[in-house]
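Quick heads-up: it's one chain on its own, the form predicted alone, in structure tokens.
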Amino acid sequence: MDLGIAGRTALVCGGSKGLGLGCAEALVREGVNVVVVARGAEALQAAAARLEAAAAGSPRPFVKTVAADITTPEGRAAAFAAHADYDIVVTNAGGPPPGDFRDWDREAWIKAVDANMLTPIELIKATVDGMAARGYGRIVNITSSSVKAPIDILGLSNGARSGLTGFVAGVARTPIAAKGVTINNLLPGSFDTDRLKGTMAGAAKKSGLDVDTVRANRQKGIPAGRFGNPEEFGAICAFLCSLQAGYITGQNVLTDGGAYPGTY
């Protein structure tokens, strides 16, 4: 299927590895220009080489990298200095650390909310009116399945991302929806990334089990019988950014291999 987005330009945050890289790769395969923002310059270089190899179409899409922290005003300024008018924005920031809520002080909460709620809101605010004026825009926020089914050791993430979810539910249904702009949340379950490894290490410490046992038990609880991979996650993201997805907005798209047991 031709997704109808060749020649568009996307900002992909946290795109040097994991789910962000999966999204960036899926987009360049569709002929989308990508500007990838991440903090690690070395990882960005490796990601850029991979994306250049994946780029498809004529003319070939460009790949730009910005080594910056997107959760800071300076990082966001650098992203918009690289390209001014984005048609697609994929928001993504490293999740807060796991732990016991009794140990989190105000600073920990503010940091979580700043990265996982306020930063996406700032990016939406900076791009949505321009998208509406041009008649096309796609914003995809990478959040977490914990928005649907909270995970006790991820309280910082549960809280901050739920705040973003509530915000998006309102703003996606404003008049921008009639101007070709959609905003959706993509909720990953267990994907084979560094983030998952860190979460399992925290669960192992809490339970007293070794990490391999925690990993095996986690997979047993997924009807698909495995963890997801960033490539398939990226394909879903690319579809939400497509011309065909123009009637999908304000939604929380759960991608968890069937782990969530609810009907709704």
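In this text, residue numbers run from 1 along the sequence as written. Computed from a predicted structure; not experimentally measured.
Form predicted together with a small molecule: not shown, discussed below.
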Note: exactly one of 112, 181, 88, 142 sits with a heavy atom within 4.5 Å of the small molecule in the predicted complex, namely 142
Note to self: I'd like to know whether residue 71 contacts the small molecule in the predicted complex, with contact meaning heavy atoms within 4.5 angstroms.
What the structure shows: yes
Would you please decide whether residue 107 lies within 4.5 angstroms of the small molecule in the predicted complex, comparing each non-hydrogen atom pair? no
- So in the predicted complex, does any heavy atom of residue 40 sit within 4.5 Å of the small molecule? yes
Please determine whether residue 195 contacts the small molecule in the predicted complex, using a 4.5 Å cut-off between heavy atoms. yes
Among 123 to 131, 181 to 189, 80 to 88, 162 to 170, the stretch whose residues bring a heavy atom within 4.5 Å of the small molecule in the predicted complex is 181 to 189
